[in-house]
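A single chain comes next, written as structure tokens; it is the form predicted alone.
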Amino acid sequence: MQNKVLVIGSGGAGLVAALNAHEAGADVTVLTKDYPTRAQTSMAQGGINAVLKHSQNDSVEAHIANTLKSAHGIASEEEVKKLCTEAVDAVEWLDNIGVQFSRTKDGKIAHRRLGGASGDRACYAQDYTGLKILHTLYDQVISKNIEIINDRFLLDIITKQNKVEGVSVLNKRSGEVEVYSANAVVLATGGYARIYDKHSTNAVGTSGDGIAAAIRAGARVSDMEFVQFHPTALKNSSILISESARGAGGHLLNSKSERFVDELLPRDEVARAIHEEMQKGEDIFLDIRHLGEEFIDEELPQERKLAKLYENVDPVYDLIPIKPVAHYTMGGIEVDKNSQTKVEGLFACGECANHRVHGANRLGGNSLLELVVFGREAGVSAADYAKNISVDASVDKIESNNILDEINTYTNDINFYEARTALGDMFYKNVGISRDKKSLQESLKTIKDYISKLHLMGVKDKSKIYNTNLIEFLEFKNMLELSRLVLKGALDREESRGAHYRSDFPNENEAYAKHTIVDINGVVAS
């Protein structure tokens, strides 16, 4: 078998990779845990950064400088330059395939300023940017007759002598293990912010399954301790309120109606300022009333709907109660300049990968850009690799079957759903915006205890058809493993940098201006 590329994940990065691998001549199949339109990409609201030809008082050099500043010294300048210089082509490609960007009166793509940016460069589609990009990509994949197979949970990446041969998945509909052979595999499975459970803007399935499988297959991950907290999630539901609200002039107020921070600072600084106010007992609000109903309905319609639906307030007339919650994970699978991991033929893109462009703190508007720039790179690289590699079409699924058989022997003396909730609460409190050695050590001890008791946390439902109990246990198992790596990195990094703030080491330390790289055996380099 030759020329077969599997893409695991159907968010923006996965669909971009699929389209570009197909364009490069590969036979592409997309395997996805749920359905493409449910992907996390749909929740990206603010915009996608690009310095377009009609941008005024802005430059690619400024975009590069803003990204590097936000990254706090541990981004790759070479990769950041690639990201920013290819941004115009990325947005023009999206425009050409039909993304409905908001327009200026003279028909040009509109852009606005987000936090940490020195200019107005986030191209947007009202406050539905990610949703409209995702749906357009999905339409394109369908029009190209690229096969999408839904309801497949990734179990393992199958390798032989450190070369990828395919994947094993659990068919959620039948409960059977299936194996798909491939010459190359692209992981686009998203991040791991759901470790924080209800204290996250992410969908419930954002459990880092691809990252955990990559580690088991021999890949390395890096910078797992850097988790970005978005400053403005709704207080009671953790639903995201876009940065575009602050970009448009929204104010952050405490209980005394006082502004306490420059709302357009990078996210790590704004989130920390809110956290400090909350530690004083203050409630925090986003105020966009002064923007007016006409502007809100035209530019921020989703924010108004979300606030009314989940917080029972109307932003046209009321303050919006908010709090910072886990939003984006900068850490992920280590990749090279072609988006390939340490496993030959295994590529990664999107939030599950670490292309070293975000460093310690991602700049708002760069996540949608990353998934296009590096999704294209991963797709083309995988297609090129697949042309020259032959694999055995009858790869083995015995090991994955063994894992499920073992899980079926587990008792359910301990309710893993309660443990999952406790894990999220503990991470928000101890591994959140502010951390210290004692809280991190206590959390690591708890995680190790959970891992040692997994055999007591088994599933009650032993049926095969759409067994969500089993799927959620597999997700919980992956989250525990990644939690351990987050804590290991956070403990080893005895400094504060970007989204990683250690109250016992409150300053940046030049000695730690480097990446934390981990393989399945623990920290191997930094």
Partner chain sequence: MNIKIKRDELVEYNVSELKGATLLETLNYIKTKIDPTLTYSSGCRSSVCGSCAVRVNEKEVLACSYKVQEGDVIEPLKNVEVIRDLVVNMDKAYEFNAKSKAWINKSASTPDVTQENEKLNEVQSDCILCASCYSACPVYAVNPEFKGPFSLTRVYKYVSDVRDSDAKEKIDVIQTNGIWDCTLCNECTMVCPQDISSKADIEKLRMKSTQYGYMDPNFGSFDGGLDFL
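Positions refer to the first chain, counted from 1. Everything numeric here is computed off the predicted structure, so don't read it as measured data.
Quick note: we don't show the form predicted in complex with the partner chain, though the next part is all about it.
When the partner chain is considered in the model of the complex, G292 lies well away from it, no heavy atom lying within 4.5 Å.
The closest heavy atom approach of D461 to the partner chain in the model of the complex falls within 4.5 Å.
Although the partner is absent from this view, S237 contacts the partner chain in the model of the complex, with a non-hydrogen atom inside 4.5 angstroms. For Y466, a non-hydrogen atom is located within 4.5 Å of the partner chain in the model of the complex, even though that partner is not displayed. The putative spot formed by Q279, F476 and G522 is not touched by the partner chain in the model of the complex; no residue has a non-hydrogen atom within 4.5 angstroms of it.
Site annotation in the model of the complex: the residue of E176, E298, E406, E147 reaching within 4.5 Å of the partner chain with a heavy atom is E298. Though the partner chain is absent from this view, in the model of the complex it lies within 4.5 Å of a heavy atom of just one residue from T446, N254, Q100, S434, which is Q100. Only one segment in the set 196-204, 223-231, 281-289, 183-191 has any non-hydrogen atom within 4.5 angstroms of the partner chain in the model of the complex, and it is 196-204. Contact annotation for 26-48: residues with any non-hydrogen atom within 4.5 angstroms of the partner chain in the model of the complex are Y35, T37, R38, S42, M43, listed in sequence order.
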